[in-house]
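Coming up is one lone chain in C-alpha cells, specifically the form predicted on its own.
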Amino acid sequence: MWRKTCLSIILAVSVLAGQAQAAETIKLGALYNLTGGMSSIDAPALRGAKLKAQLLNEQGGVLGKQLEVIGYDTKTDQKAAATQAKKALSDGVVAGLGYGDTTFVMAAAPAFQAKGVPFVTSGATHPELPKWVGDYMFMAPFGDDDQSYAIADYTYKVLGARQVVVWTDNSMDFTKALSKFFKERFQELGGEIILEDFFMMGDKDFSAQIARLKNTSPKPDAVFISAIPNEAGLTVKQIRESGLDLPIVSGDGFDTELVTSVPGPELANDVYFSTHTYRGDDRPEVLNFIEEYNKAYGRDPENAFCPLGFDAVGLIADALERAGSTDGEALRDALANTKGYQAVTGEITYARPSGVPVKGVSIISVHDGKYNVEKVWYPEY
C-alpha cells in the first residue's frame, strides 16, 4: 500500500512538474509547406524562425520564458493547412506564423482570427491579406503591389522593354495578383502587354507556351513569369533550351535556388526578379543573421525566405515584450503599433494599412548561375 501511495505521489509530482514546465514556454505555431511544391521556400523559412527563437532563448527568452516554435507541415495542401491551423490553436499557441504564399495563408489564418490569436505571414505578399482575414493578420514582407511595381519599373526603365509577354500560374492567388500589379504598372509607364498565357501549379511541360512565345508578333522584349519556385526553375530551363534568349523577369517566387540549379549555370542567364531586401546587403542585421545561420545549419541561407521566417518570430517577440502579455488582443495591438523594427529584411513599420509594412524591394539579376543585387527600389506614398 505504501509503495502504491509513493508511486502515486511521484506520478502526480511529475505531471505537475511537466505542466509547470509547459506553462513556462511561450508557444508559436509555425505553419509551413515542408513538403510539396512550396517546400523550397517554406522549409528555409521555418529554419529561420527556429533560429530566431534559439537566439532569443539564449538571451533569456521572452517575458522571462522560453520561446517554442512548433512546426506544422501542411504539405502544400490547403485542406492540410486548415486542419493544422486548428491543431496549432488546440496546442495553445499564442500566435501563428508561416507560409510564402497567399493561398495557404487564406486556408489557415481565418481560424486564428476567429480565436483572437494573431497570425504573421513570413512570406505571403498579397496586400489585401489583412483586409481579407481581419485585424489579427500581419505581414512581415511587402505587398505584391510593391514588388510588382519594382520589377515593372526595372523592366521598362533599365532593361528598356516596351512590349512584354506575361505568363501566369492561374491556380494561385499570389501569382495572379503579381501579374495583375505588374501589368498595371508596366502599362501605366507606357509599355504594352502583347500576349498573356497561363499554366497551372504542378505543370512540367511549357512547350505550348514557348511555341506561342516564339510566334508572337511583334517580337517581345521580355517575358514576365508569375510562378512559384517549382515552376520557376523549369520555365527558365525550357525557355533557354528552346533557343530564346530574351530577358525573363519575375517576383519573389523566383527567389529560390531552383532558378539556377534546375537549368544549370550555362542556362541561368538574363533573369531578373524582385524580392526582399537581403541579398548583398551589408547591414549588421544581415551579416549577423548569415553568421548565426551558418553556425546553426552549416550553410548559407538558401534564399530571402530564411530571414523572413527569422523576422516573423522577431516581430512577434518584440510585440510580446511591448505588450507585456501573451493575451491575444494585447499582442495584436502591440503588433499594429510596430514602428521602426530593425528586421533582417529591412525596417518594418505598419503605417498603411495596419498589417502591411512599408519596405524596400531588391532587384536581383542572375547571370551564369550567379545572383547579383542590381538596385533597391522604394515605394512612394
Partner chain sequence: MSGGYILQQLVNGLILGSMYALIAIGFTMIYGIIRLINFAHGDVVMIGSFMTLAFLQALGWPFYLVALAVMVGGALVGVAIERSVFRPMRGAPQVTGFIASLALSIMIQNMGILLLTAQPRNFSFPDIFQQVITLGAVSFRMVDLVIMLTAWILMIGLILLVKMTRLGVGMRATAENLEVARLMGININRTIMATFAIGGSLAATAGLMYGGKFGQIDPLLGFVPGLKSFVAAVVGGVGSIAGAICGGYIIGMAEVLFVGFLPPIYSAYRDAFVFGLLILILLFMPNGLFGKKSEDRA
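Numbering follows the first chain given and starts at 1. Bear in mind that the values here come from a model prediction, so they are computed numbers and not experimental data.
There is another form of the same protein, the form predicted in complex with its partner chain; it is not shown, and what comes next is about it.
Taken together, the three residues Glu184, Gln187 and Pro357 all stay farther than 4.5 Å from its partner chain in the model of the complex, as judged by their closest heavy atom. This chain appears without its partner; in the model of the complex, the one residue of Val165, Val286, Val262, Ala161 with a heavy atom within 4.5 Å of its partner chain is Val262. Between the options Gly29, Gly346, Pro44, Gly314, the residue in contact with its partner chain in the model of the complex by a heavy atom within 4.5 angstroms is Pro44.
Residue heavy atoms within 4.5 Å of its partner chain in the model of the complex occur in exactly one stretch of 316 to 324, 59 to 67, 336 to 344, 29 to 37, and that stretch is 29 to 37. When its partner chain is considered in the model of the complex, Ser207 lines it closely, a heavy atom lying within 4.5 Å. Its partner chain is not drawn, but in the model of the complex it has no heavy atom within 4.5 Å of Val94. Contact check for Lys214: a heavy atom falls within 4.5 Å of its partner chain in the model of the complex. The closest non-hydrogen atom of Lys295 lies beyond 4.5 Å of its partner chain in the model of the complex. Along 300 to 318, a non-hydrogen atom within 4.5 Å of its partner chain in the model of the complex is carried by Glu302, Asn303, in order along the sequence.
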